[in-house]
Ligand SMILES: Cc1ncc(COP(=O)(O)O)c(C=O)c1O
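Coming up is one lone chain in structure tokens, specifically the form predicted alone.
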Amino acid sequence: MKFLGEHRKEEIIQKFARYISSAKANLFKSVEFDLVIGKREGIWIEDIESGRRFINCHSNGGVFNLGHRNPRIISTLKEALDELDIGNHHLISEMRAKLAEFFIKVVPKGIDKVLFLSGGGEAVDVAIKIARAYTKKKKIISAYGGYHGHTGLALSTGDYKYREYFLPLAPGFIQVPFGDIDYLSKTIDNDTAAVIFETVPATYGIAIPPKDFFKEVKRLCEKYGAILIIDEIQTGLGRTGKLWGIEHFGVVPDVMVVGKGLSGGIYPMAATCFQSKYESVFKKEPFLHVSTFGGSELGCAVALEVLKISSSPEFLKHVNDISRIFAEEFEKMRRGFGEVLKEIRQLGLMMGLKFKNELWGPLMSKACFDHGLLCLYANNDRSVLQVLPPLIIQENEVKEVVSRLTKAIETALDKKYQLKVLSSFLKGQTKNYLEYIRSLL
């Protein structure tokens, strides 16, 4: 059976618009960003019709940490299909037990229980449910500009723009500025069930907190009897140069959520990990949270292989070696384009380029696309271009990324290009959009 290339690209876009989302199809068409992924391998993806190749520096937020179609992951899934299916989430499972045992060996010491889910939003939902059930409190504190998923409770922790369409807003959710311990100390109180933060908020522009921030957050949580939930969905599994991003800050969270990269880009998997005392929530009712596809036995086989690869010293050394090369190249780039490129944000291969204003994120996303590089701006800080390559990227490929980024900036500096691209992005969003563009550029 042929899975790719059966239909012409225009026909695919028409079917997508008719049966899935006309708004998405129209948006991508209007900004000439109409990539339809065909062949994919390693760090590369190709347009299904033209065969044009792109280096994937979006990685779907870390889903493709190990690249597209990683041979070890594919081999593992094929072998698993000879024995397994998804299993039964109600019953005891050998594969879930095997994965959980390995998981607990590699998470921060002190975390010793894990539940497997089908996606990151669900994992966050479970973390909040545990916090409220254990503490018998209601208040959940998260960060402005943060993102923890689009499902139920997770949605309520995210930025207002994701919640405003689904009024009334869920009660009990409070937001504070990320990295501001003074503000948090005035907000947290004895009715706080949990504080939830991403280790490095990607959607907020790869915002790296002060070194002592999480230690102070943990101290406040202990003072008020609140649970500290750390979201490692994007920062986990080696992205920052350590297996878990929170390791950089010397803190063991009460609860940690993992997703995206745990799938190996092949099979959806997520996890909520927690200290064993919180298992008391499930003592009276073991089925208080169930997930039909969470902890699928096929997914467990994939996730186990992902963890083995990601936790190996050789793999983490490679990430750190590559991150140093990026750091050197980005500093040269910043010096060369200082009039528009204002800051380099980096922790391992969690990287963001902050430009002079909010128009430059969309502008650079399109310029990168035009030079065969898939990078997207941070939606809650549009001045930041996210650069999240697969962690398997090699030194010669880093040079190619930097070369394409350099060409993209040079292209984006052209005034005619700016007006053409940004008119497409902003048309209809603000009345005098051309004047607005000119005022910022």
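The numbering used is simple: start at 1 and walk along the sequence shown. Keep in mind that this is a model prediction, so the values were computed, not measured.
From this point on, the text means the form predicted in complex with this ligand, which you will not see here.
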Distance check, residue 125 to this ligand in the predicted complex, heavy atom within 4.5 Å | no
Does residue 147 reach this ligand in the predicted complex if we count a contact as any heavy atom within 4.5 Å?
-> yes
Contact label in the predicted complex: residue 262 to this ligand, heavy atom within 4.5 Å | no
Indicate whether this ligand has at least one heavy atom within 4.5 Å of a heavy atom of residue 254 in the predicted complex.
-> no
Go through 121, 362, 87, 179 and name the one with a heavy atom inside 4.5 Å of this ligand in the predicted complex.
-> 121
Of these, 226 to 234, 243 to 251, 288 to 296, 305 to 313, which stretch puts a heavy atom within 4.5 angstroms of this ligand in the predicted complex?
-> 226 to 234
Output the sequence-ordered list of residues from 176 to 200 with at least one heavy atom within 4.5 Å of this ligand in the predicted complex.
-> 198
